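Before any questions on how it binds or moves, here is one chain, the form predicted on its own, in structure tokens.
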């Protein structure tokens, strides 16, 4: 089977930058454009995708890893939104660092399921844990979510540096969230880009920005995606712009995707 599925890892150097909300709303935007999408909660010890959606799945990745259920059994179809979710477990610290044998078992069980989707989004935990590095390296595309805060920029640079040094990864997309304007977003990106170019000799690509939007906070409180709660709000329009750019990226990568698995085996550590 020729692979046409684009796997996207959303990651960040620090927490609180909005990765889960971004994952959720991009899935809505792509569903509205008739793409089949799966969201995998890869914050294995501190799950929150289900909380933002207001759903209570019966199974999760932990039950699948323990052999208590198959991947198919723990997939949760979010009927109102039209996409599927593979939930993680909460309060299970032993899952925050995947051992190689567990990782390989998970990949072997996931791979046959992933091909049915056009997009697979992996919502990663913040920071540079081993599990974050693993999933980031497996993905076709890595989207680093930053905010204009200096700590976000420095922590995101550290994350990129680790992935570059350990796995030789050089391709990163950058999405600026919680910004007041396009000018502020571009300035934040340029700071991160400058550091990566100067010290790591790599060039992250600007994916876009998401404006501050009080409607987003309201949507979170109502446990609804912003694109359903306030579909014409400023951030909702930004989400659709980002989704369109991802569609173009996927189209441009189709030949390359056909030569690899949805989640490619890890490159060798350096």
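Treat the numbers as computed from the prediction; the structure is a model and nothing was measured. Numbering follows the first chain given and starts at 1.
Absent from the display: the form predicted together with a small molecule. The rest refers to it.
No residue in the set 36, 81 and 243 has a non-hydrogen atom no more than 4.5 Å from the small molecule in the predicted complex. The contact with the small molecule in the predicted complex, taken as any heavy atom within 4.5 Å, belongs to 220 out of 220, 202, 237, 55. By the criterion of a heavy atom within 4.5 Å, residue 213 is counted among the residues contacting the small molecule in the predicted complex. Looking at residue 19, you'd find a heavy atom of it within 4.5 angstroms of the small molecule in the predicted complex. When the small molecule is considered in the predicted complex, residue 134 lies well away from it, no heavy atom lying within 4.5 Å. Using a 4.5 angstroms threshold between heavy atoms, residue 177 counts as touching the small molecule in the predicted complex.
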